[in-house]
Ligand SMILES: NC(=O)c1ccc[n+]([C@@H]2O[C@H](COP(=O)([O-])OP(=O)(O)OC[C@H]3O[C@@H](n4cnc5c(N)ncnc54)[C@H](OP(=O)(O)O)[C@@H]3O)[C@@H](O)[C@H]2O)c1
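A single chain comes next, written as structure tokens; it is the form predicted alone.
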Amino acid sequence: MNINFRQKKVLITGGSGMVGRNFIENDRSKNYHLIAPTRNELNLLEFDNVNSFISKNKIDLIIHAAGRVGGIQANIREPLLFLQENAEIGKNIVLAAKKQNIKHLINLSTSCVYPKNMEIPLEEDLILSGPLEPTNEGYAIAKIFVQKLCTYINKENIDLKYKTIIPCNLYGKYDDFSLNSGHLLPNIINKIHNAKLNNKDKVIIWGNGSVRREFMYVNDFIDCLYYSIENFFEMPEVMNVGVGKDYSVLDYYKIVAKSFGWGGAFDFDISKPIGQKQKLVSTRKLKKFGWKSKFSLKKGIDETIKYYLESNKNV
């Protein structure tokens, strides 16, 4: 049985973030009655506010995409904040949904929930089977907590269907390109662009460049998210979303450098933290669900660089 959510009320949290903004701007959004409150309109850190908002708006489906996110530097710098805010926001959304008898919810998690140094690709049942990567442990614990809330609610009430999507690393339009808080790929775009602008012939890479990461272009993920809404009941309770292929950090630097036409060299700072050695998620469930990514890495990076340049007023 599938419910047609078209023209029904869909609440998306994190509407000002990368996933939220791209979800709202997608052409398919016109088929739904999207509700995307700003932080001023809804304080997700206050349970009473969340509970009241959901009650007043008679929501049919919740997509929980809000949270504090950041790259390795931000996670190392503020683990308490990443743990506290993400756990609190997730708890408020999920428990308010349960209290208001919202029957359908999609919770967005992160591949950081997987234990470090596990067999690749990472299957969904590996969660909580080993120690987490220390550099993003706080963030991961919060996301596991929210996923478990959804799982326990499903077990206790068969009428409620709260599902969790675990995406690989995402990048694209509305990403955070800041070197202090952004993720790997937008950081690389920023660093290579500035090297080209300032005629630098070298760029520093943290580690030796061998660490491997999987990245999905955000438009691909948004397509998957709409597909999941349209096929909600066929979707597994917990499901990875990835492209099925990873690249080394050095590979990403080389691809971005080629896109910019920058011909410099790379130096390696092996004193810096590098995080998990490899983080490639299994797409076994995703393939069975009937969805696969459409954007090549080059196409996604080229589109992201185009957005970055257009939004950079100094160019």
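Numbers follow the displayed sequence, beginning with 1. Please read these numbers as outputs of a predicted model, since none were measured by experiment.
The form predicted together with the ligand is left out here; the points below concern that form.
J.: Which of 267-275, 51-59, 254-262, 34-42 has heavy atoms within 4.5 Å of the ligand in the predicted complex?
T.: Single hit among the candidates: 34-42.
J.: Which one, Gln100, Asn169, Asn190, Thr151, lies within 4.5 Å of the ligand in the predicted complex by heavy atoms?
T.: Result of the distance check: Asn169.
J.: Quick one: of Val243, Leu108, Ile229, Ile93, which gets a non-hydrogen atom within 4.5 angstroms of the ligand in the predicted complex?
T.: The option sitting close enough to the partner is Leu108.
J.: Even though the partner isn't displayed, in the predicted complex is Ile89 close enough to the ligand, meaning a heavy atom within 4.5 Å?
T.: Because a heavy atom of Ile89 falls inside 4.5 Å of the ligand in the predicted complex, the answer is yes.
J.: Please tell me whether any heavy atom belonging to Ser296 falls inside 4.5 Å of a heavy atom of the ligand, as the geometry stands in the predicted complex.
T.: Answer no; every heavy atom of Ser296 is more than 4.5 Å from the ligand in the predicted complex.
J.: Can you tell me whether Gly15 touches the ligand? I mean in the predicted complex, with a 4.5 angstroms heavy atom cut-off.
T.: Yes, contact at 4.5 Å.
J.: Do Val19 and the ligand share at least one heavy atom pair within 4.5 Å in the predicted complex?
T.: Although the ligand is absent here, Val19 would touch it in the predicted complex, with heavy atoms inside 4.5 Å.
J.: If you apply a 4.5 angstroms heavy atom cut-off, which residues in 44-67 are near the ligand in the predicted complex?
T.: Going through 44-67 in order - heavy atoms within 4.5 Å of the ligand in the predicted complex - the hits are Leu44, Leu45, Ala65, Ala66, Gly67.
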